[in-house]
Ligand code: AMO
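There is one chain below, alone, in structure tokens, taken in the form predicted alone.
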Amino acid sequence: MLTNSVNNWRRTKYSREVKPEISGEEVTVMGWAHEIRDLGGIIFVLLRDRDGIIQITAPSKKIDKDLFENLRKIRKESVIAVKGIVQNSPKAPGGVEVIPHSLAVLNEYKQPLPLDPTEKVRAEIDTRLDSRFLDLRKPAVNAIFKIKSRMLHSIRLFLEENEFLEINTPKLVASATEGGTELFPITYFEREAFLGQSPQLYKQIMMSAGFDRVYEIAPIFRAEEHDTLRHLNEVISIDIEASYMNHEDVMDILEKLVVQAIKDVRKNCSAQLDVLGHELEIPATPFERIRYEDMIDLVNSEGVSLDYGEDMSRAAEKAMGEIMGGYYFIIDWPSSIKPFYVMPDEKNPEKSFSFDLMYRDLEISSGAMRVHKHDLLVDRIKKQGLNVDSFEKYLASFEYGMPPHAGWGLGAERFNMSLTGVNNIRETVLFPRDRRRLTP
């Protein structure tokens, strides 16, 4: 039966809910025709929904003749609804099948398909992203985003339980957050504006406003001309800022948050991890802390040239990943290569109270204790060659009692790479944006 509407059809069960315990019950399942096998006297339709696959088994001798013929006409990836009786079947997915008595074809799919959701024919990443709506139907791809959803849910719970308030900061801004040229300019009526690089300045202003602990989970935009497996131009950043804390305090919060998210994903996404073939281990705490100067020695000992005062090269990251494995902090970075708002060490101003959280060879978070004294902040802005006037509104919040504070930003996509085992950041974004891709 081909129909333009769901009419009185309503799903009663997702595939994961159709279990041997409900054998003999009538169910209504809805989804896509994942595969169809016509063996002459019996037709098998694998129906795929959000949660998995359920087998529809149609023996010609047990079902209506017209229904049997209509099942035979179904096209792969058509949207269908089936009513039938659950029956135990050890060879079927999940150990059950549905013997149909009613069928609704809600939409037929155009042939040929631009890619195969069953993955019998593999497609390259660009082909997949061009037809992302189909790519996302694959169980393995779908699993990545269920894990991401669970991770974000867990992080929100953790932060709320630790008395952080969720805030929403502007994404249209008048000036750079951290300086530099990594900005997307836009026309804002009669003047120029930019897409926000980070909520950093606004998070700090909230400390002056007395909010004490804040977090935001939102997109950030970086006009970096990278073309790597680890960079995108639009990503989700998980940011916190907390008053009356230093860098050690927020590092402690970060590692606890990471461990809770991993435990939550392991508990609630075991089926998705199985689909991905990824074994997720719970890391021991505290994470190891490696001083910047010791990191320099370690990578040099592996034959990778890196001088003091340089940021980590890709070769250095790979070397550290091979040495360390798992999660670890790199601390005490030189002040010269950190943003102006990062607090220098009072005893040795060439060093800063800053850290990066690494997962093997991947930086997933960066944070620090912040400068909270107005005059020192102005001095830092000037030393980095930035225009103090561009930060007028931001600096005003430091003149009327800004408490000491610290914070970090955690890349949701990079963290999800560590949770899922994928090695291309594009896999962790529904519709990735990079130098070459602005659609779909």
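Computed from a prediction, not measured in an experiment: that's the story for all the values here. In case it trips you up, residue 1 is the first one in the sequence shown, and so on.
Heads up, the form predicted in complex with the named molecule isn't pictured, but that's what we're talking about next.
(request) Name the stretch, out of 69-77, 124-132, 329-337, 360-368, where some heavy atom lies within 4.5 Å of the named molecule in the predicted bound form. (result) Contact criterion met by 360-368 only.
(request) Would you check, heavy atoms only and a 4.5 Å threshold, whether I290 touches the named molecule in the predicted bound form? (result) Because no heavy atom of I290 falls inside 4.5 Å of the named molecule in the predicted bound form, the answer is no.
(message) Contact with the named molecule in the predicted bound form for R222, defined as at least one heavy atom pair within 4.5 Å: yes or no?
(response) Within the cut-off, so yes.
(request) Find out whether any non-hydrogen atom of R380 is located within 4.5 angstroms of the named molecule in the predicted bound form, and reply yes or no. (result) R380: no, not in contact with the named molecule in the predicted bound form.
(request) Indicate whether F158 is a 4.5 Å heavy atom neighbour of the named molecule in the predicted bound form. (result) Residue-level check for F158: no, no contact with the named molecule.
(message) Only one of F391, W32, F398, W408 gets a heavy atom within 4.5 Å of the named molecule in the predicted bound form. Which one?
(response) Of the candidates F391, W32, F398, W408, W408 is the one lying within 4.5 Å of the named molecule in the predicted bound form.
(message) Within 4.5 Å, heavy atoms only, which of S243, N142, S154, Q200 is in contact with the named molecule in the predicted bound form?
(response) Contact residue from the list: Q200.
(message) Let me test this: is every residue among R230, Y341 and R414 within 4.5 Å of the named molecule in the predicted bound form, going by heavy atom positions?
(response) Yes, the whole candidate spot contacts the named molecule.
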